[in-house]
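Take a look at this single chain in structure tokens; it is the form predicted alone.
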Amino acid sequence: MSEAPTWSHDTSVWFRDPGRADRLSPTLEVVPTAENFDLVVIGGGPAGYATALYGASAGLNIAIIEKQKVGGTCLHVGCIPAKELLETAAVFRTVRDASEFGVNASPPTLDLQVTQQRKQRVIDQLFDGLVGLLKGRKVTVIDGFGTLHADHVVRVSGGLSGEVELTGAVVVLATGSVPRTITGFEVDGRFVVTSDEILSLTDLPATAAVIGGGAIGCEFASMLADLGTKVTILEALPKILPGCDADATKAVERAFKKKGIDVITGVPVHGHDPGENTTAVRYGDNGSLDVELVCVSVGRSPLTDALGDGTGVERTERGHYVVDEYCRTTAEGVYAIGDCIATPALAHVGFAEAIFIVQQILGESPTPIDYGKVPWAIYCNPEVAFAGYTEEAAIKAGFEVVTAKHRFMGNGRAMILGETEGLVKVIAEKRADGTGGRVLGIHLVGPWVTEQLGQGYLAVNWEATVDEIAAFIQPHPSLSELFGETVLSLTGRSLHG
């Protein structure tokens, strides 16, 4: 990394609110009084706005360009609205099963209009808070489509801020991603939707096919099934949740089967034939499935169209910006982070990359991110969370491993909650005596495991040993004590194992 430049700190900007009624745009339009900035960020999603907030907190003069609303996919058509709908499904399950606790209630019905209104209130509150943070830290927010040109010149057009040209000593590309589509399943808003459109459903379909059994597909399948839709997952790969440990995947498949979700793996899809009220999805050799709705959930494609001529920034064959381990592109002084590069497409990874590059810009020496140890969280029911190696990947990497698994069906708190599906699995290096040494991976499936991953994530990233973790006391009764019990069994002794 070359010597850090000297930064100016002209943060005199002013804000005005053009209102919300005319278009889907930020409530905040900012007109810059200066054309030169320490840092210009193209893209206002999690990676982009985190760069702006973290950099501004260090005193950098920053401009951020967003063509829709700051907050990006995650806030508006991704993480937040999806989890809001999943929480609706959880409340529905609770009321439906209340009689098991002696609470007698009428069978629940769903008013999707109220659900959507609540979802939007949550989004609006978070959006307003983000706008307030950017304003409070004097970040210049420009509404429009930004393109990078030679010599760090960024031109903005097509937005409320008008035609703007600015220059950054450093430029950050954080342009995000869009849902990937499949030939033969063109989005029409009636029979075929993507993860964007399904979040705004006004009517619940009686039947649905989810094409793609990854994290997003499993979340939508779980949500729809819990609310009463008959769901079939069609996955081209041999198993759903690719990247998850095999035991975790099996646990999810068992739970999905109990919900009535049909999981069909190893089948490509070939198209669909619309009828009056349903469409027939063609898959595999001769398979056909009549459904009211098809949700295409086959991942996301990087959105990397923010390049003009002469930038020197290269892209891969799959469309990602080319970066090194420091998130530096092939152009001097230009970084790329978030979904537009080939790292895990997770909002919290975007946050980490934002902090990482700002620290570099400030002349600090941060350690590159170890993407093999980042935390993953999938919010279907049962939830899935993991960090580090799967058992298969650890063996492939040359480790001799020992594993332990404990199921939630024997956990007191899980029994009390009435949610006993799932397990905790810990993978450790095998010592000469057969016990576990350094923890290599932690995999959880079950109730609220996305909130339980913390200690397992720290164990993996701090390269803690089984003996070190087993010494910690877990509260009883709690869901988290199952992690402690699983680790304890790897010492060669256990309580309830």
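All residue numbers are counted from 1 along the displayed sequence. What you see is a predicted model; the values in this text were computed from it and never measured.
Form predicted in complex with a small molecule: not shown, discussed below.
J.: At 4.5 angstroms, heavy atoms only, are G48, I65 and I216 all close to the small molecule in the model of the complex?
T.: Yes: each residue has a heavy atom within 4.5 Å of the partner.
J.: Pick from L346, L166, V192, V374: which has a non-hydrogen atom within 4.5 Å of the small molecule in the model of the complex?
T.: If I apply the 4.5 Å criterion carefully, the residue I get is L346.
J.: To verify the annotation, which of these, K119, K425, R300, H320, has a non-hydrogen atom within 4.5 Å of the small molecule in the model of the complex?
T.: Exactly one residue meets the criterion: R300.
J.: Which of these stretches, 402-410, 170-178, 365-373, 120-128, has heavy atoms within 4.5 Å of the small molecule in the model of the complex?
T.: In the other structure, the partner sits against 170-178.
J.: With a cut-off of 4.5 Å between heavy atoms, is G159 one of the residues that contacts the small molecule in the model of the complex?
T.: No - in the model of the complex, heavy atoms of G159 and the small molecule never come within 4.5 Å of each other.
J.: P205 versus the small molecule, in the model of the complex: is there a non-hydrogen atom within 4.5 Å?
T.: P205: no contact with the small molecule in the model of the complex.
J.: Would T140 count as a contact of the small molecule in the model of the complex, using a 4.5 angstroms cut-off between non-hydrogen atoms?
T.: No, T140 sits far enough from the small molecule in the model of the complex that none of its heavy atoms falls within 4.5 Å.
J.: Is T329 close enough to the small molecule in the model of the complex to count, meaning some heavy atom within 4.5 Å?
T.: So T329 does not count as contacting the small molecule.
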